[in-house]
Ligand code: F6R
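There is one chain below, alone, in structure tokens, taken in the form predicted on its own.
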Amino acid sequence: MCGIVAYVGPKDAAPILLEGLQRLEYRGYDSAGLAVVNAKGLKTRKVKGRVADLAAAVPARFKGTVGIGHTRWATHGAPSDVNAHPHLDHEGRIAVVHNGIIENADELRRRLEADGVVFQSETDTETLAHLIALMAKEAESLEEAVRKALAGVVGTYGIAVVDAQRPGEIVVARNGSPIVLGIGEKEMFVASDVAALIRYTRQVVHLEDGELAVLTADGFHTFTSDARETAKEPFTVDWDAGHYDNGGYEHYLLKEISEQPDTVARTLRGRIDDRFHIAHLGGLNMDARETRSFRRVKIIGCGSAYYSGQIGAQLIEELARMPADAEPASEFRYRGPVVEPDTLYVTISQSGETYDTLAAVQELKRKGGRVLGIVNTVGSAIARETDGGIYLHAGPEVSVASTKAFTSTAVAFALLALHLGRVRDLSPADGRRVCEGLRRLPEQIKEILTLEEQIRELAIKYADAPGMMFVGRVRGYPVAREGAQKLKEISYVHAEAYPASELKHGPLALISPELPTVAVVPDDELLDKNLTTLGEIRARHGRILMVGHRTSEAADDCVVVPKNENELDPILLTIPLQLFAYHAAVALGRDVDKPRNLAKSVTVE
């Protein structure tokens, strides 16, 4: 959950590293540091704080054409100058930056301390620097030293290593944490995310787990942990540096909310077949016969991806009439799941690198499961390891809180449900109805965005509440869960989501004038039951903000959104809750794009 950058070439490394770290700051931002190699050896700067603090601490004469940098999200040891990366061995020869967790770090530390090594930090990463330095005394190359050191390491890592005695090269390795190589003209780049590379090159190579690479200004070569050479073909990244600009918006989050008419349109583009009223999803890599062989669908994701999976499960059950459910990836992989040959598994990750989800994919593949991926990042680990899937084409999402990726994922599930349904028993008339509804979504999202000022005023009105309850029924429940998630993660207001029918089974005891309720009330067959729930809340003097397709006297305030098909309404009902959370966070003075304690890509357990 951190950012790595590295450079080797003819240019001064420090400015390139700092610019790359700024682009990766959304991945981790409690401390930052960099190291460069020159004729005099290693030079480092590390600070607690943001990349801007690091940039201010780097002197003008911080020269070197080889360097590594890091922005940290703490796992071992509190944020501090000492715990920031890069970490060095006690002789100052080896410098390492690391994403991931070394699970046997305590054992390695005790062994190294017994040999006289004195540790400077509380981190697990420092053990890597000392181990590599120890191996380097006997090894013929830095790559050999890194490979031998990693043989004794248990855990996840993406690392970049430089050696003061071997200037002109960088060694990188991956196991469970992303490493991307960028290929330039007589220069090479490394990052944990393509965001740090695309200003300089769009030709990239992704390392696989268990793979290492040596980079010099003239190129790179890759090999496995047992020293077997591997062949890698670069591919071109579709995104460019402009995708990472804030577009004049105050926050990336508001920009990404506002982009949703376009991102939803891109997710739909070329995927609706008007002849047969079916979704064209060639990336699934399944013919109709194979598709019909599945009897149920299991959806796996984390956080907002999990909530979008709940929307997806509802869509699949309604349109395809197949049993479907969603489960957190972190729970799935540890409960010893029964993997059935007639179950289609769908995994979700915006980054395509979420560790819990990737580990679930690997467990499913080991047990022979058929796994699809819904991801936003082309070439990511989950995209490579699954049997097929759907790319969102939502463009890079910089803000930690997911918005446009969430809605695009829900749209992707609508396409998948339509595809499964039409291969099975969904009628052409219903297929046409859903296709027409999907096509209406971008314009309807634009219409909802015009309500921003009304929603901003409501957010200010409710922002001083000590907490909020979110409720919804059936289609509305995942929307309520995602709404609560958004509010708590960026405004730090405590929020809980419950099925509306469950209030009377316990949570109704919390209702009071001080605890407002956000009610998701679509205009569907459950409207009357939802309005009854609002009456129960009002009878206990609870304040209600209703989000739905009509106003109601049962609510104190209402946000009315356009009506689509019942199955697709959850996608639209999500948008006002994103704006509500955003403006509540702004009203409370929060760091909207970088909420405390969180990082964008969760690549550790």
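Note that this is a predicted model, so its numbers are computed, not measured. Numbers for residues come from their place in the sequence shown, where the first is 1.
A second form of this protein, the form predicted in complex with this ligand, is not displayed here; the remarks below concern that form.
Interface residue in the predicted complex among A360, V479, A305, L181, criterion: non-hydrogen atom within 4.5 angstroms of this ligand = By the 4.5 Å criterion, the partner-contacting residue is A305.
May I ask you to choose, among A217, A213, I101, V400, the residue with a heavy atom within 4.5 Å of this ligand in the predicted complex?
-> Residue within 4.5 Å of the partner: V400.
This ligand in the predicted complex: contacting segment from 456 to 464, 495 to 503, 230 to 238, 350 to 358, heavy atom within 4.5 Å = The contacting stretch here is 350 to 358.
Please run the contact check for Q485 against this ligand in the predicted complex: heavy atoms, 4.5 angstroms, yes or no?
-> Answer yes; at least one heavy atom of Q485 falls within 4.5 Å of this ligand in the predicted complex.
So in the predicted complex, does E489 come within 4.5 Å of this ligand, heavy atom to heavy atom?
-> Contact with this ligand, yes.
Taking this ligand as it sits in the predicted complex, which residues of 48 to 62 have a non-hydrogen atom within 4.5 Å of it? Please list them.
-> The stretch does not touch the partner at all.
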